[in-house]
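Given as structure tokens, the chain that follows is alone and in the form predicted on its own.
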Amino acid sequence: MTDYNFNIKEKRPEEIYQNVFEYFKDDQVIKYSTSKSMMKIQEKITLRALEIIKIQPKELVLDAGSGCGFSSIVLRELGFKVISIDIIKHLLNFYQLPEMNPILADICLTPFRNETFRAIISISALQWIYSDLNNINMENNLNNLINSFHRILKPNGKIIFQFYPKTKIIMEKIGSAFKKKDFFEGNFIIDNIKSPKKRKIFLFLKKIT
């Protein structure tokens, strides 16, 4: 893969806070969940993810790490059947569509039956799962996520992640982790590759076993 710069002067939240619970609390939850600019960004990323994954409306989709539901609302409006899951209770309180009944649970240990979903979409969550090459807990969580997603996907099911890896090494580590068990095949799709600020990194995977 082409070598390119990951250096951005401003640190992202996952580089400052030890875990997602420390970041998403109190005023930050309200600020994030009521931000119109954040909603527009998430909507744009979700639509781009759908371009890549190419799934049909009415399919059952898991929004993994759904937060306050920006992506879930887009998916619902486009005709998808959506189940939303996040580990931060206060974020789920901000859902604009209460009938969606978001589920409070860890995406690394999803509480669903085998082969439930045709697709999984995860926007801006994976960097909270794995961002440190030397963190054993993060490595275990990543492996749990891989096993869990493989289990709940239907045969030939698809995954699309959009995330913000801190370095190229971390990005490639995540990609190789998904492929090492021969569970998935796939590749990275990178938009605006030469611009660290505008760059969007997607990992597109298909279940093969």
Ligand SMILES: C[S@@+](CC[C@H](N)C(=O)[O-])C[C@H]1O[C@@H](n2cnc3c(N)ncnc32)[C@H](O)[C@@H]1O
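From a predicted model like this one, the values you see are computed outputs, not experimental measurements. Residue numbers here begin at 1 and follow the sequence given.
Only in words, not in the display: the form predicted in complex with this ligand, which the text now covers.
Candidate site formed by 105, 123 and 129: every one of these residues places a non-hydrogen atom within 4.5 angstroms of this ligand in the predicted complex. At least one heavy atom of residue 42 is located within 4.5 Å of this ligand in the predicted complex.
This ligand in the predicted complex comes within 4.5 Å of no heavy atom belonging to residue 201. Heavy atoms of residue 119 never reach within 4.5 Å of this ligand in the predicted complex, leaving it off the interface. The closest heavy atom approach of residue 32 to this ligand in the predicted complex falls within 4.5 Å. Looking at 150-158, 59-67, 165-173, 178-186, the stretch with residues near this ligand in the predicted complex, meaning non-hydrogen atoms within 4.5 angstroms, turns out to be 59-67.
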